[in-house]
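Only one chain is given next, in structure tokens, and it is the form predicted on its own.
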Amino acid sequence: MKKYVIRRIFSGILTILVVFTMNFLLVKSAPGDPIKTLMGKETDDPVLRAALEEKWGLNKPLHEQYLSYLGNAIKGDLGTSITYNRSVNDMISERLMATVILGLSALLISFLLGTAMGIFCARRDGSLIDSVLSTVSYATDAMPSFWLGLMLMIIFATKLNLLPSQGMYNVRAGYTGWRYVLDVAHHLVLPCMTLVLITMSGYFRITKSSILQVTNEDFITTMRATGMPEKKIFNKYIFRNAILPTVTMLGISVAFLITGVSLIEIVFSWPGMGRLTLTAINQRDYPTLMGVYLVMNVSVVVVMIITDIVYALLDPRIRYD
């Protein structure tokens, strides 16, 4: 097990380096000019351009820019934003918590509800409620997240006027303490509901199919033939074996926590990493884009390593050594 963990860490570091290099090349080759954005469309002063390029290191050869940024990133310095002239580390740290609050809330709710619904329908396979829930899960899974978010916004915010549609809290109210927490929770409902409806169907279908597959195994039939109680068979053997694919999906979803909520944040004006990324793309803010992509890359790799380790601990049949 120890050797496997070490190998996974080294492969994770290699993955981060490869993805970092690809992101750097893609960002640099994308159309657009951050210096032109700073200068404005009406300004075309060669002296000013040269000064700005020297300030931001854009006048150096591409390989020197790469090595310089890589060295700073290894030290934990993600550079300075061209657009805001602020530390990228500070900008990401300010936005990261909002993304974690939204993503983690949706992740826990969708995992618990989807798994519970999958278990419920698997034990009532073919019933009316199973057919209804399966149909609904396929429908929500097929919906684009931004479209579903807009529909929920129209219904609950515009028509019924029950929930706020934008932002993370009421700026004008200036709440503190528990009132601030409740205000954030109130604003969290719509974006969280959108993410839950989109992701819950995956947990539902995987849990249901896994339980049905394990239930039909020969060793389960043998246990039933010996007279073992159905509750004990399910809790000790069926559920423990069937939950492994769901754990794998949970690990992928935790990685999705950082990378996958961007579109929802933009729709609901949630002040997280998504809006920061969109602004950096529009302004061709290379350091900010590279910093955001690096954080996403590291998050995915770390979560995947943890998921592999948890998977091995849950299933003693797996021996990586």
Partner chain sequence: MKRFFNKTLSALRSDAQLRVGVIGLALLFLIVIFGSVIATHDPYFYGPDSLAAPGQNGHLLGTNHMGQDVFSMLVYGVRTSLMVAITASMISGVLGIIIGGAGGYFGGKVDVVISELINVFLLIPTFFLIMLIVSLFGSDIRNVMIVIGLTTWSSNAKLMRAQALSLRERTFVKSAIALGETKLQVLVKYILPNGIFPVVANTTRGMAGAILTEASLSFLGLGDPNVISWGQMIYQGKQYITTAWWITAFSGIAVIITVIIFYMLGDGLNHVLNPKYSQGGK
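Numbering follows the first chain given and starts at 1. Just so it is clear, the model here is predicted, and its values are computed rather than measured. Here the rigid core means the biggest group of C-alpha atoms that line up within 1.5 Å when the two forms are laid on top of each other.
Keep in mind that the form predicted together with its partner chain is not shown, yet the notes after this line are about it.
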Contact between Asn85 and its partner chain in the predicted bound form at 4.5 Å, heavy atoms?
no
Partner contact for Asn59 in the predicted bound form: its partner chain, 4.5 angstroms, heavy atom
no
Met22 within 4.5 Å of its partner chain in the predicted bound form, heavy atoms
yes
Against its partner chain in the predicted bound form, would Ala142 count as a contact residue? Criterion: heavy atoms within 4.5 Å.
yes
At 4.5 Å by heavy atoms, is each residue in Gly103, Ser105 and Asn235 next to its partner chain in the predicted bound form?
no
Within 4.5 Å, heavy atoms only, which of Ala50, Ile281, Met39, Leu67 is in contact with its partner chain in the predicted bound form?
Ile281
Would you give me the residues of 4-19 that have any heavy atom within 4.5 Å of its partner chain in the predicted bound form, in order from first to last?
Arg8, Phe10, Ser11, Gly12, Leu14, Thr15, Val18, Val19
Comparing between this form and the one not shown on the rigid core: C-alpha of Val18 shifted by 2 Å or more?
no
